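The chain below stands alone, shown as structure tokens; this is the form predicted alone.
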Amino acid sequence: MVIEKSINRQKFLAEKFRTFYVSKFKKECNLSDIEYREFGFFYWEPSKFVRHLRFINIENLAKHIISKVPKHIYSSAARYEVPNAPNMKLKSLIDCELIFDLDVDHIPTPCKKDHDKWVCKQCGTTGTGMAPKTCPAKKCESHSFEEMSWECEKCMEIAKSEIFSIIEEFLSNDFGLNPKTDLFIVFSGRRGYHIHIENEIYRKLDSNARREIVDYIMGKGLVPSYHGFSLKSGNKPNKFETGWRGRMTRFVIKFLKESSPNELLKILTRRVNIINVKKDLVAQLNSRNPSWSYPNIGEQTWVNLINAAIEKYGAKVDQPVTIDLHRLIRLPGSLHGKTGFLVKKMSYNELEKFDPFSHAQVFEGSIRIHVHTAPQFRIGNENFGPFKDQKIELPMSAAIYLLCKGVANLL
């Protein structure tokens, strides 16, 4: 019975996806240089992934999608002379977009404890929030977890603010890119965003150069002394400067303001009064000529404080996505098989007002379903749930969201 319900759910979702692809895919896709891209598809049934496919134009691609109705659709960030060659060496790489992938899964947002759950695959221990690296149960050292994650407005606002930070703080200020002309953004259809840079200079970069860029914006391996921080220096960093000199100062100020006394005690000596030191250091670092000195705080403690601030506030991008020249990434104009949301391409100017719970919804009508369990969520202007073993009629986008999550069945 469970298998039958799963099959019926998949058939229903595939038909709804097909309806969208027939009517709206070509309008939403907006992918350049289709004939030079490699495509990959993950199918509903049988459950398998196929890549190394090529299509000569949007009509050819749409015909395949409508015929097969994949659960997930991907295209290469790279352009190839022979995109359908069976291995990478034979494809003959032309160039590759520079892409930054930010997923809220990798950010420890406070709201995760309210809507995300995990189960240890080895011993069955459960918990809320992000899964731990190692199971906390006694005598269980498993690193494998089943996770159920949900999208919420707080998560998505944090993801959006991180994207703005990457673009404005790094790509614009440090790399001189024009956000309005040199890049576009894609909502992944679930819990994150991709920044695509099509500027020809960046297309030609090899993996090592891309690694250097992503390490730079993450602050990975940053050595404070190389940026002028030393208690002996006569020109210490201040928050008004450009580059990492100003940035690490601003990050430390933010870290001091937002961290709890217990967090700060892990870094600062216990011989200082945490309340006073927070106030005094913030006031000092807000000046144009901070001394970066304080009684009982040595240079190594300052370095530890800088590193902790960079770890907390540095860009949270998925490094392999940026580095890998042969990466497949979600196709704009496709639907995400785990949410039913549209993978939406937008300009920098459109990002501010973009609301995935409204602007990435494509289904109309309503349907009655059986919901096993779900936290509260929003679709459009309406909140739904929480649900527990409930039969209910829902707008189609809300129902498809739950069906894609696998927490509901058709009646």
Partner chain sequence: MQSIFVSKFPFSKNAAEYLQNLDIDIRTLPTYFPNLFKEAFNRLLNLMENKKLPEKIDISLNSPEALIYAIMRVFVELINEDFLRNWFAEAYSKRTENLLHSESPKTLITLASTTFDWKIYNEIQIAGRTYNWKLRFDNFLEVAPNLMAKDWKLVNQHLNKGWVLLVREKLIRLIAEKTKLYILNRKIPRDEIPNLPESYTPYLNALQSKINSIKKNFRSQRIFSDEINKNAYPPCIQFILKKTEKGENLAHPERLFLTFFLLNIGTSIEDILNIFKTQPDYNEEITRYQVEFAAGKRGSGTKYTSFGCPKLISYGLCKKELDEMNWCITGKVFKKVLKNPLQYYSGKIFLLSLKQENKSK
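Numbering follows the first chain given and starts at 1. Note that this is a predicted model, so its numbers are computed, not measured.
Unshown form predicted together with the partner chain; subsequent notes refer to it.
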Tell me, yes or no, whether I213 is in contact with the partner chain in the predicted bound form, where a contact means a heavy atom of each within 4.5 Å.
yes
For F251, is any heavy atom within 4.5 Å of the partner chain in the predicted bound form, or not?
no
Should S161 be classed as touching the partner chain in the predicted bound form when contacts are defined as heavy atoms within 4.5 Å?
no
At the 4.5 Å heavy atom threshold, is H227 in contact with the partner chain in the predicted bound form?
yes
One stretch from 79-87, 175-183, 253-261, 152-160 that, in the predicted bound form, holds residues within 4.5 Å of the partner chain by heavy atom
175-183
Decide if the three candidate residues Y202, K220 and T242 all line the partner chain in the predicted bound form, where lining means a heavy atom within 4.5 Å.
yes
So the partner chain isn't shown here. In the predicted bound form, which residue out of K138, K266, H143, K232 has a non-hydrogen atom within 4.5 Å of it?
H143
Answer option from N208, T128, N273, Q300, heavy atom within 4.5 Å of the partner chain in the predicted bound form:
N208
Residues in 47-66 close to the partner chain in the predicted bound form, defined by a heavy atom within 4.5 Å, in order:
none
